[in-house]
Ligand SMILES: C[S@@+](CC[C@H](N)C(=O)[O-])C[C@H]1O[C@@H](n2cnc3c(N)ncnc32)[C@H](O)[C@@H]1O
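What follows is a single chain, given as structure tokens, in the form predicted alone.
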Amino acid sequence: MEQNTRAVDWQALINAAWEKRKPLWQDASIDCFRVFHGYEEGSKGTVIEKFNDAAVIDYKTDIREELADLTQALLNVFPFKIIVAKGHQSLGLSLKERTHKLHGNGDVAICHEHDLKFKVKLDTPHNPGLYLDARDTRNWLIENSADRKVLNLFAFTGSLGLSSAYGKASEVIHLDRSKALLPRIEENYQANGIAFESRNFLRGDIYKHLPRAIKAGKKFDGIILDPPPKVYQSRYAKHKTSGQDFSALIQYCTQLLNPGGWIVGMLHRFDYSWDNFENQVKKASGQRLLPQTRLTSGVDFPESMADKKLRVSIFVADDKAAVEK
């Protein structure tokens, strides 16, 4: 177990981080953001995220003895109604030992990002249900999905696909392997009053569904591709998956994309530069996909090394270039 061996002035750290996020907490349309990014702001392994009036502390370094001071520091900058802390499994502690309700009661919060609402579950072992670093990506999807048929792969709780639906997409299909996540996508649609059909929330193995969709002649005008840092091994894959497996996944997605369609590719790995990622996608698509736009995380995710931030590239299908090549 990694111990925290030095005294931390939590109030000073939280005050400094809170001041840097002034553009966010002064924006009345946003009540969810990362309050503290410890990797760059003074406590390696500690991150704190705000979901409306709830705060979630995630820690990979053992700070259990400091949680009372940290709780008070948070309450001194914002009147949180709920504060919970969750230690990482790498600490070698049981779930009970590393999970703490520090202030208030409740396991659910409804947070707001501009015009959208998201339901998060504070007591889940991993992410509560909304990746805050994808804020600008959700905004891009709202602005670029009108009249498009969109496929949301590795859908999680559906926030990216929901953004497309809110942006007037003609249809959004979500695919995720987890049975437990599909009802949460529905809950987010319901919270926003957006109509949906349950048949568009699909549970299954991506390496099974995508070849079937290709064989059936399915086509989309936009594909959201947000694989985890390490994609699962699948008995349906004809190869051994590696990392986010973009090389293989892009080959599938390219065949599903209409001319002029876009793919939102989200890079989480630290061992790839942005340029290397885009070159990998271009090569896997046979030069059909060309990068057009880059997005990243906001002011609440400070990083001195650019390759440690979320990097998002928007690729557009250029069929003319592929033919000429």
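Don't overthink the numbering: it's just position in the shown sequence, from 1. None of these values were measured; they are calculated from a predicted model.
Not on display, but discussed next: the form predicted together with the named molecule.
Using a 4.5 angstroms limit between non-hydrogen atoms, residue 204 touches the named molecule in the predicted complex. Heavy atoms of residue 160 reach within 4.5 Å of the named molecule in the predicted complex, making it an interface residue. In the predicted complex, residue 175 approaches the named molecule with a heavy atom inside 4.5 Å. In the predicted complex, the named molecule stays beyond 4.5 Å of every heavy atom belonging to residue 245. With the partner omitted here, the stretch from 190-198, 67-75, 92-100, 222-230 that lies within 4.5 Å of the named molecule by heavy atoms in the predicted complex is 222-230. Among the residues 122, 181, 116, 83, the one placing a heavy atom within 4.5 Å of the named molecule in the predicted complex is 181. Checking 154, 166, 140, 252 against the named molecule in the predicted complex, a heavy atom within 4.5 Å turns up for just one residue: 154. Shown without its partner, the chain has 131 as the single residue in segment 111-144 with a non-hydrogen atom within 4.5 angstroms of the named molecule in the predicted complex.
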